[in-house]
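Quick setup: one chain, the form predicted on its own, written in structure tokens, and binding and motion questions come after.
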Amino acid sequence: MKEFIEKMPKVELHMHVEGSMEAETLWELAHHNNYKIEYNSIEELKAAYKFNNLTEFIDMYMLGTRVIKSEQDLYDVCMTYFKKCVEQNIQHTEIHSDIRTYVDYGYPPEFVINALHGAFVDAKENYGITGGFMPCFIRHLGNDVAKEDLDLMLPFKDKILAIGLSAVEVGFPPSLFKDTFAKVHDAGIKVIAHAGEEAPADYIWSAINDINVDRIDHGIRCLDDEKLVEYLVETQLPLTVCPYSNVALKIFDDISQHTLPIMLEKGLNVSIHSDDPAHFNAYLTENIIGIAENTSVSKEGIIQMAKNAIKSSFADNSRKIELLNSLNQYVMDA
């Protein structure tokens, strides 16, 4: 099973680019850019990657953004992730970042957009990997900041795959951003949102009813609301689930307690992703293996979720057919 998963063609739909920055890369960038960090050795920094709570995770995640000082730095971080994609046979990936963090550091909006778009262009040429970049509004900064961010992004909309909503969830329901996401839809851009990870199922309803999402990131709290489950099964609205992220951030005490088997059994359109793989010490392959080895999800369930990821992607139809054919051929030959 482990070997089957390792070699299986994969699609990733929920991964924050700075969350793929390993301690070694952070250390190198800090020293290259003369940015002083509080860690005296790479070993100390690696130890700090083992989080005890959400605050420690956010602190380290933000440190990763601070050591990035040029488009080239961000491009290099993204290309390092693409090399990991080659190792893990990830053939299509859709990644999150935000422009606000870097704008607040004094960089123009195209700093992020050009770096990540350029990385995707080169990943396709060098590795055959397709996908795109999905900037997110930082929800705890509020709707006024989201409006500003959208105005900054719209001139570059051809380089943007979708626009999302991320960061601190509780206290910031999608409804707060209703008018801004209406403009996102008007611009012909897909909409996604982190919802129902820490906050209750109501936030998933809000993402559906208030901002008309094309896909939900996380969504695990949907099980608390039977009517919501029925709706999600009927519509097959995709949920991008990140098992080891949920464990690291104390949603579940252990991977064996994850509710993915129940979600799959109920017929929800779920798929597995990594979220912040360097910080949670689990890339996409490790997340899938973790679920396969520690829960009741069968081989058929793993294959079904791999198909769900392809169908839930924002790839065009011809690419989806290619990806499905690649997966089906692999399953037949395995």
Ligand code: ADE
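Treat the numbers as computed from the prediction; the structure is a model and nothing was measured. A residue's number is simply how far along the shown sequence it sits, counting from 1.
The form predicted together with adenine (ADE) exists for this protein as well; it is not shown, and the discussion that follows is about that form.
Chemist: Can Glu197 be called a contact residue for adenine (ADE) in the predicted complex at 4.5 Å between heavy atoms?
Modeler: Residue-level check for Glu197: yes, a contact with adenine (ADE).
Chemist: Would Ile42 count as touching adenine (ADE) in the predicted complex under a 4.5 Å heavy atom rule?
Modeler: Ile42 lies outside the contact set for adenine (ADE).
Chemist: Is there a heavy atom of Met79 no more than 4.5 Å from a heavy atom of adenine (ADE) in the predicted complex?
Modeler: Contact check for Met79: no, nothing within 4.5 Å of adenine (ADE) in the predicted complex.
Chemist: Mark His218 yes when one of its heavy atoms lies within 4.5 Å of a heavy atom of adenine (ADE) in the predicted complex, and no otherwise.
Modeler: Contact with adenine (ADE), yes.
Chemist: Run the contact test on Leu54, Ala167 and Asp276 with a 4.5 Å heavy atom cut-off to adenine (ADE) in the predicted complex and return yes or no.
Modeler: Checked in the predicted complex: all three residues contact adenine (ADE).
Chemist: For the interface check, one of 58 to 66, 299 to 307, 42 to 50, 283 to 291 should have non-hydrogen atoms within 4.5 Å of adenine (ADE) in the predicted complex; which one?
Modeler: Of the stretches listed, the one contacting the partner is 58 to 66.
Chemist: Taking adenine (ADE) in the predicted complex, which residues of 12 to 31 have any heavy atom within 4.5 Å of it?
Modeler: The stretch touches the partner through His16 alone.
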